[in-house]
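Take a look at this single chain in structure tokens; it is the form predicted alone.
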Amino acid sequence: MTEYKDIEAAAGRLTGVAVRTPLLSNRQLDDLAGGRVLVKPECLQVTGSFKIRGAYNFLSQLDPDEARRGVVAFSSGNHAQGVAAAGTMLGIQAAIVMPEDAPRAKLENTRRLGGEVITYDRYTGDRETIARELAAQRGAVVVPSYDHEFIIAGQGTVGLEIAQQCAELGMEPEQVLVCCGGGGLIAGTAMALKANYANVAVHPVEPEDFDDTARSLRSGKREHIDSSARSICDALQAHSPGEMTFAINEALLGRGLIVSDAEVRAAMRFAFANLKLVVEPGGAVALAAVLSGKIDTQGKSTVVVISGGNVDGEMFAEIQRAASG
């Protein structure tokens, strides 16, 4: 099980590799929320999302023989880019199994960063099975996208930075909203935050029909999404919470929040117009929860994590144009 000391150790490995993204404030956002809202823009991170944190923390701990044999990962795109970039930095060959309908920007960037891309049909294929078979053929190491202690610790540096930055600002966060797919980011983030602020409430935010974590928190067991579920949030389409991540999240998280694709689009437009940030759909869900009133922010201090900004230009432009349509 991941411990707080593992997150601190990961932060040391990531020094000079990952960006210490800022906490941003915006008067209009505060006015709409009726309280203080700080935004953690991981869309400004290396490779455009938080995923470099966990990927580099994992790959940097491979022994020489493992590093020589290379790694295989499976990802909708952000983990793919993180693994590709970390592999290039460390001289490790990386192959990534990605959906054939992943955003073109994610496919192209993964290749540009040095990754070998193997595509599959996300609705008929099993990416984990494909990746594990490929790894067995090559003798490579599988790099899970969320359900591994090294990944959770690396992603937890987001929460560690939030805690440090809030202390620098002389404020105590009352609630922190984080997107949730498989649960690695929020598991590590919640561990880091709870170690520094025992009373902080950490809430997972998911798209409609991909609310497996919210339902799992209510039922006390790992729930699965329906195979017919669809969302523009390509980064948050895990079929079920991870076994390791859910064990952490069940103990640490507050209730799950759910947002619609329409609310996500509105949040992307708000982020561009007011925060001057390009945010991908999955990265916008926590901000969408605040803007759509899914949680009480009146008179409270809230931190929102924007997890990534890797969105195709055509989709982004279409969503922005819709504001005047």
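These numbers were taken from a predicted model, which means no experiment stands behind them. The numbering used is simple: start at 1 and walk along the sequence shown.
Below: the form predicted in complex with another copy of the chain, not depicted.
> Of the residues Leu59, Val259, Val39, Cys43, which one places a heavy atom within 4.5 Å of another copy of the chain in the predicted complex?
After the contact test, the surviving option is Cys43.
> Considering non-hydrogen atoms and a 4.5 Å limit, which listed residue (Ala33, Ala266, Val278, Ile295) is close to another copy of the chain in the predicted complex?
Going through each option in turn, the one that passes is Val278.
> Does Ala9 reach another copy of the chain in the predicted complex if we count a contact as any heavy atom within 4.5 Å?
Although another copy of the chain is absent here, Ala9 would stay clear of it in the predicted complex, with no heavy atoms inside 4.5 Å.
> Test of understanding: in the predicted complex, would Val311 fall inside 4.5 Å of another copy of the chain by heavy atoms?
Contact check for Val311: yes, within 4.5 Å of another copy of the chain in the predicted complex.
> Find out whether any non-hydrogen atom of Arg218 is located within 4.5 angstroms of another copy of the chain in the predicted complex, and reply yes or no.
So Arg218 does not count as contacting another copy of the chain.
> Although another copy of the chain is absent from this view, report whether Leu252 comes within 4.5 Å of it in the predicted complex, heavy atoms only.
Judged by the heavy-atom cut-off of 4.5 Å, Leu252 is well away from another copy of the chain in the predicted complex.
> Sort through 296 to 304, 270 to 278, 65 to 73, 283 to 291 and report the only stretch with a non-hydrogen atom within 4.5 Å of another copy of the chain in the predicted complex.
Contact criterion met by 270 to 278 only.
> Within 4.5 Å of another copy of the chain in the predicted complex, do we find a heavy atom from each of Thr15, Arg111 and Ile130?
Not one of the three qualifies.
> Counting only heavy atoms, which residues in 59 to 92 are within 4.5 Å of another copy of the chain in the predicted complex?
Going through 59 to 92 in order - heavy atoms within 4.5 Å of another copy of the chain in the predicted complex - there is one hit, Met89.
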